[in-house]
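What follows is one chain in C-alpha cells, specifically the form predicted on its own.
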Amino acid sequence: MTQPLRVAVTGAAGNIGYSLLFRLAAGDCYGPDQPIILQMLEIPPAMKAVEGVAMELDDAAFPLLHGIEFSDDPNVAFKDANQIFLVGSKPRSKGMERSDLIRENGPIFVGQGKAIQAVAASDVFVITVGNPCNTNCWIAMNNAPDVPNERFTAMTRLDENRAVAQLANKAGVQTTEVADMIIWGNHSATQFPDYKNATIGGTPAASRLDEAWLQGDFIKTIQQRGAQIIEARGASSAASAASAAVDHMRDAWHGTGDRMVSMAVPSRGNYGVPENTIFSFACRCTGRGGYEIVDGIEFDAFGRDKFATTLAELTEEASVVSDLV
C-alpha cells in the first residue's frame, strides 16, 4: 500500500479550511491511489468546532483518509507533515489598512515558520493561502532557515482561475480554451493579470477581445473580485479559494508538463525581482513539489508598468514586517 501523506491544514474550522478538507479527503488533490492523514490546526476558541469537522470527516467514510488529528499547537499539527496548507489568518475588517493586517497576521506566520523548521517532514512543501499571502509566506520562509526556500509558495491560482473564467465568458468559449493566463506579482489589488501573453483557442487573447476591455474592466475585475464577492454574499471567497488551493497543490504534486501556471514563489532574480521575494511568476511544475520559473516572457510598456507597481507594493509590505524575519 502507498504510504499515506501527512497533510496539515491551518484554520481547519474556517470557511476555506472546511471547503478544502473534504476535497483533500476525496482524493481531488493527490489522486485516487494516494491515502492521506489530515492534521488540522486551529486556535483554542475553535477547537470544539474542529472536533465537529473531524466527526464529519469520519462520517463521510473516505477510503483515502487514513487518519485525522487536530491540535491548537503548530508543533503538534505540523509533526512530520509532508504538505502544509497555511490557510488560517485574521481577515481584514472594515476600515483596516493593509499594513495593519500585515502586522496583525505576521506573528502568526513567525510561529508557524518556526514550527515547520522544527517538526515538519524533510520533504515538506507549503502553500500559503491566508492573506496577505505573499508576505505571510515570506515571513514563514524566513523563520524556517533550514528548509529550502523553494518549498514555500503562495497562492495566486484563484486570481488565475478568475481571469480564465472572465476571458472565456467574454469570448463565449469554455475555460479549457484559455491557456497561459498568468498572474504576476502580489495577490492584491496591484496584481497584473497578463492578458497579453494569454491565448484563447490557440490565438492571442488580445486579438480576440477588445483591448480597452482587457486593459480596463478585465484587470479591474480580477484585482477587485474578492471585494465584489464580499459585497455580494456578505463573506469572503471560500469554496473558490479552496478549489484554487487544490489546483495549486495538485499541479505541484503531479506536474504540469508544458502548461504554465501562476504560483507565487521565491525569486531567484528572475525578471529583476529581488532574490527571495515571494512573487507570482509563470511556472512549470515537474512534480513532487518541483517547479521552474519560466524565463524569457516579454512585456510591452503597459505590462512593464503594471509589473513595477506590484513589485513596489511587495517591497513596501516587506518593510512593514522586516523585524519579523
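Quick note: we count residues from 1 along the sequence shown, nothing fancier. What you see is a predicted model, and the numbers here were worked out from it, not measured in a lab.
Another form, the form predicted in complex with a further copy of the same chain, is not on view; read the next lines as being about it.
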Checklist entry - Which residue among 179, 238, 121, 206 has a heavy atom within 4.5 angstroms of a further copy of the same chain in the predicted complex? => result 238
Checklist entry - Only one of 162, 151, 79, 196 has a non-hydrogen atom within 4.5 angstroms of a further copy of the same chain in the predicted complex; which is it? => result 162
Item to check | residue 251 within 4.5 Å of a further copy of the same chain in the predicted complex, heavy atoms | outcome: no
Next on the checklist: Considering non-hydrogen atoms and a 4.5 Å limit, does a further copy of the same chain approach residue 189 in the predicted complex?
Outcome noted: no
Next on the checklist: in the predicted complex, does residue 300 come within 4.5 Å of a further copy of the same chain, counting heavy atoms only?
Outcome noted: no
Checklist entry - Any of the heavy atoms of residue 158 lying within 4.5 Å of a further copy of the same chain in the predicted complex? => result yes
Item to check | Answer range among 277-285, 261-269, 292-300, 50-58 for contact with a further copy of the same chain, defined in the predicted complex as heavy atoms within 4.5 Å | outcome: 50-58
Checklist entry - Every residue in 28, 62 and 225 with a non-hydrogen atom within 4.5 Å of a further copy of the same chain in the predicted complex? => result yes
Checklist entry - Out of 207-232, which residues reach within 4.5 Å of a further copy of the same chain in the predicted complex, heavy atoms considered? => result 225, 228, 229, 231, 232
